[in-house]
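We begin with a single chain expressed as structure tokens, specifically the form predicted alone.
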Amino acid sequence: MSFVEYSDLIQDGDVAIIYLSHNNVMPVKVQQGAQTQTRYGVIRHSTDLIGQRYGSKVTCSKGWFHVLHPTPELWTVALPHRTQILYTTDIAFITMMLELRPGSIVCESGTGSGSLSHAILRTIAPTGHLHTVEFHQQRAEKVAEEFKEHRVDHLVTVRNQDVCKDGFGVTGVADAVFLDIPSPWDAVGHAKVAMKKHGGRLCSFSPCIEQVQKTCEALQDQGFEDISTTEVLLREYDVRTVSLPLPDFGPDPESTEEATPAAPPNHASISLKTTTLPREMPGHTGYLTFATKPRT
């Protein structure tokens, strides 16, 4: 099992995703002889998981669940939160705007819970590399442990340092840089140093517009071009079937036919698909500021 390569069968040591319901998804480290308690009963790893195909439906004493192969999208909704994380809506837009592809070299700070990191690793595999910097020592150690457990550690280098003071630890290698720190304007200079001479893309995630203003000023001072800021909001429409009555306009007044006795009322109706706006929708997460480093 790897987050960047698909496997058919569940093996001892894998990280599997237990799908109990739409709002109840949990990661499980598969171990010979281990057990996991769920609302539907106990999961016995040796008999219920190991050797089964990913996607299988497993029956417990009180119900059933599906066991899924891990993906960055599933990891985002199932991971243990050590920090606030980025979700798939923002992650997809970031990946596109940074022009990431297999073989890209990416610098990231801060790593946090590793939500974006896993999506980057899948995109740049098998020949790319991620240099990620985390200021907090325990978080850096934990995410490095998870990368090894998820078998993507060969694609990533984790550094525990202050990116605003010490930079990314690399020079002239990055195709793209991502910043998710309280003061990204202090790291813009280090980001420029880490990027390749022929240029590259930068993205900064900030929840407050004041942070965006200072970051844009720093980007302009460092010679970045094409500076723009975007806010991504997701609105899901509810598609449903409705039944509408057909109107009865009565007899045609211009008809020359002889009048006939009044027919009973016609209650005919027609069914059709329609969409309605959601009553609630996710609000503001953060502002995404993008910029391009020109060739030097």
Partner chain sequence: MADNGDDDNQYRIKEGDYVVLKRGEIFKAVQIQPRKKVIFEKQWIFLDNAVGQLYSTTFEILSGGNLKPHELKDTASPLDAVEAGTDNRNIVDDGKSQKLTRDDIEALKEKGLKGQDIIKKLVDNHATFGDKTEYSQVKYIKKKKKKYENTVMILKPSCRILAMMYHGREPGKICHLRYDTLAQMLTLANIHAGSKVLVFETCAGLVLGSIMERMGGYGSVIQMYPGGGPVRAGVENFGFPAHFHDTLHEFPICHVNALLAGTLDTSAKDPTAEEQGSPEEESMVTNTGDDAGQDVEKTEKDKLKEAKVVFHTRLVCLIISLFFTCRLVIASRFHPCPVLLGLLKFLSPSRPFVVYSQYIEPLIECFKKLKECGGTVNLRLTDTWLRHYQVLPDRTHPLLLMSGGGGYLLSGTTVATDHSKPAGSKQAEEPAPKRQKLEDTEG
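Positions refer to the first chain, counted from 1. For the two forms, the rigid core is made up of the largest set of C-alpha atoms that agree within 1.5 Å on superposition. What you see is a predicted model, and the numbers here were worked out from it, not measured in a lab.
Below, we turn to the form predicted together with the partner chain, even though it does not appear here.
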> Of the listed stretches (109-117, 162-170, 181-189, 196-204), which one has a non-hydrogen atom within 4.5 Å of the partner chain in the model of the complex?
Replying inline: 196-204
> Are all three of Ile10, Leu79 and Cys208 close to the partner chain in the model of the complex, meaning a heavy atom of each within 4.5 Å?
Replying inline: no
> If you check in the model of the complex, is Thr127 within 4.5 Å of the partner chain, heavy atoms only?
Replying inline: yes
> Asp221 near the partner chain in the model of the complex, any heavy atom under 4.5 Å?
Replying inline: no
> Does the 4.5 Å heavy atom contact test between Val4 and the partner chain in the model of the complex come out positive?
Replying inline: yes
> Is His66 close enough to touch the partner chain in the model of the complex, meaning at least one heavy atom pair within 4.5 Å?
Replying inline: yes
> Even though the chain is shown alone, can you say which residues of 269-296 have a heavy atom within 4.5 Å of the partner chain in the model of the complex?
Replying inline: Lys273, Thr274, Thr275, Tyr287, Arg295, Thr296
> After fitting the rigid core, is the C-alpha of Lys273 off by 2 Å or more between the shown form and the other one?
Replying inline: yes
